[in-house]
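Okay, here we've got a single chain as structure tokens, the form predicted alone, with questions on binding and movement later.
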Amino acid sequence: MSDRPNESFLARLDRIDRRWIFLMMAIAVAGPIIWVGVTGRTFPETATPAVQGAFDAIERLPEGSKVLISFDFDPASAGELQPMATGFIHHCQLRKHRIYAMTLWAPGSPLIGATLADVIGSDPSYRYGENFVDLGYQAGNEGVMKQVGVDFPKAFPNDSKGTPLARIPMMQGITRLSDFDILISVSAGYPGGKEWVQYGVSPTLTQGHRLPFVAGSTGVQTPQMIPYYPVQMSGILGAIKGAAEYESLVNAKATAPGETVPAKYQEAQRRMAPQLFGHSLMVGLILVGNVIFFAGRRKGAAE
């Protein structure tokens, strides 16, 4: 019982111990995590036009198309971006595209190998050097982007294993960026998607070729990318929500009704449940706080 019997309900809420709020947030986050882990179910996602555009850009390419994907992120941002990279590689695998992976971030090099091994490592139809290649890391930021636009072998003379490009079958005929059928960037900042538009995609227009470009980016970087959509960019995945929407599209294509989707292809969707309930609680607490504030001010004015 309250030690202030005449105190209103809103006044009691205003004095609530903050530990109750911490407990509510813990339940809002932990509850959905446990539910998803036990049931394996995720919430349905509806793709926004920008995410649908990214999916369609890869989907409409003919089988065996050349896809250049740049892993421009590091382990610190992998929680938000790794599901995107996995989703892009998975989608390209389903479409039987040739995958050319590279990075302009030194910490991104191990992420390429891990992602390729996780997604296509057990696929017998994919053979290194014929269907996929790891070009590794190259320093130089925008300089590398400009170089691949005019002389790709000069920017990447070897793959990540040190093998000369001339000895890699799928590199035959690759002389510049416009020789690829699409460019994908998964980026956490500089250099990343924005720089690829400025120094990679835009110059191809002067060569009489519009290179399709899609990107996945962190929530912080996404507002910088939106102005380039849909002219310079075919689509964009923004933060973990965009990744979840993209996963839902790819999984719907890859699995039959009732078939179980591997957890590695649902990472973003699985993370949306705790985010949804956590954000909902935060919004609710903000609304309650404002109600208490304005009610208290009105009471003070009346007195």
Partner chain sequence: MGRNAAAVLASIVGLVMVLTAFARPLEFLGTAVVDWFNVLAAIAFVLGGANLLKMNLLKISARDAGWGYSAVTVSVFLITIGVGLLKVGAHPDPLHPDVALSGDKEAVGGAFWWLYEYAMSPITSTLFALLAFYVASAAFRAFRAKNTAAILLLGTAFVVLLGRVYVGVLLTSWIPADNAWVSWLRLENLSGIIMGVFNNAGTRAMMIGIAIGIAATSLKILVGLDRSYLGSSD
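Residue numbers count along the first chain shown, from 1. Fair warning: this is a prediction, and the values are worked out from it, not measured in the lab.
Omitted here: the form predicted together with its partner chain. The next part is about that form.
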Notebook entry, point to check: Only one of 179 to 187, 125 to 133, 90 to 98, 107 to 115 gets a heavy atom within 4.5 Å of its partner chain in the model of the complex; which is it?
Noted result: 107 to 115
Next item on the list: Tell me, yes or no, whether residue 69 is in contact with its partner chain in the model of the complex, where a contact means a heavy atom of each within 4.5 Å.
Entry: no
Notebook entry, point to check: Can any non-hydrogen atom of residue 282 be found within 4.5 angstroms of its partner chain in the model of the complex?
Noted result: yes
Checklist line | Contact flag, residue 276 vs its partner chain in the model of the complex, heavy atom cut 4.5 Å | finding: yes
Note to self: With a cut-off of 4.5 Å between heavy atoms, is residue 272 one of the residues that contacts its partner chain in the model of the complex?
What the structure shows: yes
Check: Though the partner is not shown here, which residues of 223 to 244 have a heavy atom within 4.5 Å of its partner chain in the model of the complex?
Finding: 223, 224, 226, 227, 228, 238, 241, 242
